[in-house]
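A single chain comes next, written as structure tokens; it is the form predicted on its own.
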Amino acid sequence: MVAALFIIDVQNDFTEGGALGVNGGAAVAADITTFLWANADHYCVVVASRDWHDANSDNGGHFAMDAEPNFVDTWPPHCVAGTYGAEYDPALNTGQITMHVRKGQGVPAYSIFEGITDDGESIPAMLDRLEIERIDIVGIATDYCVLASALDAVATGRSVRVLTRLVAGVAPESSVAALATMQEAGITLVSEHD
């Protein structure tokens, strides 16, 4: 089966100490690196997404500029293009990533499918071009961007797996609910050793 690995938003602003850091984010970054050393050859393509928001903009209402963020639809500024917060967490070795995707350039964006590659290609076009049959997903955050990416992936009709030891979520309750939603949508939840 021709497979792709999607690494979702393993960025400094989403790991500990970042603007929206999640507990366990840095450990997930390091664990993904370990996983890649052992498994990158099993994938036709390794795709990493990053939020890449515009500076000096509310990014379509995504950033709370004049009010407190509600942490549902509005957020503190994060992952602003060209800043340290937007860069990959240093524990993630990017040497085995073969494709980079930027999303949220001036607009809210959660799913990797809302981004484009550095070559300007959409994710559906890339999946079709490479004849990808299965997508494995890892990264941050389980209950937001991983969830949105996984749901969009399974909607393409492909086999989708989320490697549950290689994700970190914002909150335990919403992460458990997100994993349940994924299962209900037909997404397989596995450990990275399966």
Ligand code: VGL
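Numbering starts at 1 and runs along the sequence shown. Since we're looking at a predicted model, the values are computed, not measured.
Separately, the form predicted together with this ligand exists; it is not shown, and the next lines address it.
In summary, the region of this chain contacting this ligand in the predicted bound form, judged by heavy atoms within 4.5 Å and restricted to 139 to 147, 155 to 163, 122 to 130, 34 to 42, corresponds to 139 to 147. Contact annotation for residue 100: none of its heavy atoms lies within 4.5 Å of this ligand in the predicted bound form. Proximity of residue 113 to this ligand in the predicted bound form: non-hydrogen atoms within 4.5 Å are absent; the residue sits far from the partner. With a 4.5 Å cutoff on heavy atoms, residue 88 does not count as touching this ligand in the predicted bound form; it lies far away. Among heavy atoms of residue 20, some come within 4.5 Å of this ligand in the predicted bound form. Residues from 1 to 39 that approach this ligand in the predicted bound form with a non-hydrogen atom closer than or equal to 4.5 Å are 9, 14, 20, in the order they occur in the chain.
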